[in-house]
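Structure 1 and structure 2 below are the same protein chain in two forms, each given by itself as structure tokens.
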Structure 1
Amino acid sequence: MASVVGTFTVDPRSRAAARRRRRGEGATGWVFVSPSVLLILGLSVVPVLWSLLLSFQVNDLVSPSEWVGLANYKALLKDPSFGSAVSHTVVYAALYVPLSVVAGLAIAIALDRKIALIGLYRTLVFVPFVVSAAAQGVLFSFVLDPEFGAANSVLHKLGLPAQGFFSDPGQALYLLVAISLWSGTGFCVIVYLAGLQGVSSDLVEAARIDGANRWGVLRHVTLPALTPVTIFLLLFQTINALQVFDLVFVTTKGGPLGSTTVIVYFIWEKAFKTFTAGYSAAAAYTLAVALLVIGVALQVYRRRVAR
């Protein structure tokens, strides 16, 4: 983040030699980086451009395409199912991002102390993050099965009515948020724990001497020191949330009744189930632009805070 600025004094006689060396180094350097440059071009830049072109076409990926300009984007604006996919994604992100970051911070502060078995606690908090989304989905589908799952049998023992869980359009999306929190909070905890190591103990001590209580230290020393970490986590978790797909794919396939159709699932469905790849690419680009705007906005905010 902070750039290193230095001044160098160069002996004029060595300049020619340095230039020769640089020339050789330049070519050698490019030889070294060319595999990755080709990889990045081939695997990132070309597909990105290709899908941009695709979004201006009527294309089913199998037959010759037709150029339609902005028609796909216009249709997207009017499509109620895209609208509901966006609103599901926004609800998901609006719940998941703040909850995971706040819970991550709370747990990190709780774990930032020297008590017995602290390493074990930290590991356990992180374990769900390591479980793949597909495995989580399968696991929770079993637990939350309305007829045969463990969750309803616990509810039954407590005398509570059985729930539909993933079969209930009113619950499915919130369950997905809950599952994502179960796994995604661990990541915030680890990042915050690392961030907490960087909070200057001198500042904390000074604040204490000045009479700050725990809350005061947290509010005026720890949180400001953690701001860059928080902004990073907000950005990272937002990107994750807007891109959620695998969990939906494994658990609900966008259902019941489209109640968990998020943007990326919508994109998949349009491209590979109903053969409207151009339309799907337009949706993908809309999402990409939204992500870019959020990313840039947070960067600008961070710079302003840093100043």
Structure 2
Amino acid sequence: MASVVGTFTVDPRSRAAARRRRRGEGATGWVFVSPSVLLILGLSVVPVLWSLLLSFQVNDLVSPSEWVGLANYKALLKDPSFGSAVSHTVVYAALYVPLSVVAGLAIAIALDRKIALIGLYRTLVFVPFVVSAAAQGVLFSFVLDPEFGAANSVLHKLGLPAQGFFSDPGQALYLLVAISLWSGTGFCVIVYLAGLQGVSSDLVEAARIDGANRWGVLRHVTLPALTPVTIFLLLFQTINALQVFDLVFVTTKGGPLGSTTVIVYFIWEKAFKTFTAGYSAAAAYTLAVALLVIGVALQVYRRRVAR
């Protein structure tokens, strides 16, 4: 190095060596992450782009495809089966999302205290959430079997008439909501319990000094503090509700009489039973756009509340 007016100038050869070293480190990093990048591209990005192109084609997964433009999307608007699937999904989501969030909040508030065996109670509430939907479906298919299930046996002993349960078009969808609530509410409870730990005890104490009762503290302190948590749960539960499939597939397979055919089951049925893959892809992208709109709307609302 040479001294110039009290400063130091770096040898150009040192700069070149440093650049080569940085390039070498960058190349080494890309070598290590390239398998993961290729895996993500192969299993996520490529299928998404391929299915988007597929939605503009007539394709049965066997013969050569034919480009039809927006014909698949126009056909969806006129398809009564798709309309029924959308209505069933909306009913399911309209019941499941608010009930799971409200029940989760109520249970979380009840469990947010120091009592004996509180850890056990919290664990018991959360356990159903970790049970797979397929296992839940098998379990409740046995319990709610119209002929040999335990539920009708109990009703018989109580002198009540037997029920059709999953074989009754008027009951099947609501039973799916009930099963989903049994399993999904636990997640809301755990998230709300975590959120309750962040509620300022100083604000709660100040509200009580000002004369607020338990309801007043809940309304004016706890609920506003939990707004970000509530928005997250609304988005998370809505996405889960609109994507419900495995529970339907295991229990009712869209029946009876199509009363539990939801959007994702409709997509699967069109792709792998009737082999209209292009039509199925169009339905899938319609659902994706709906999820995107809901997600953006909730994010905009969250930002407005934060301001």
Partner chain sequence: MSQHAPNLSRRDVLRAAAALAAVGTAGTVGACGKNDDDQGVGADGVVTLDLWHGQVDLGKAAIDALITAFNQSHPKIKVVGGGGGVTADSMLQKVTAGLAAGSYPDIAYIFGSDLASLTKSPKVADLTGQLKIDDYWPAAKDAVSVKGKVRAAPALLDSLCVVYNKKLFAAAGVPAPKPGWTWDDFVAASKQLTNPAKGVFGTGWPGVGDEDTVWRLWPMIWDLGGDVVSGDGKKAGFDTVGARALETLDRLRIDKSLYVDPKPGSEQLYQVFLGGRMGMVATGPWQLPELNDNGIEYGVVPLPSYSGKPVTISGPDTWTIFDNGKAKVKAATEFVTWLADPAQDIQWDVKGGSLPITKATAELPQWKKHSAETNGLDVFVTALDTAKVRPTISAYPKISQHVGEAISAVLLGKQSPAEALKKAVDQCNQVLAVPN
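When a residue number appears, read it as a position in the sequence of structure 1, where counting begins at 1. All figures in this text were calculated on a predicted structure; none of them were measured in a lab. What we label the rigid core is the largest C-alpha set whose atoms superpose within 1.5 Å from one form to the other.
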query	finding
Chain form predicted on its own, by structure number	2
Residue 40 C-alpha shift between structure 1 and structure 2 of 2 Å or more, rigid core reference	yes
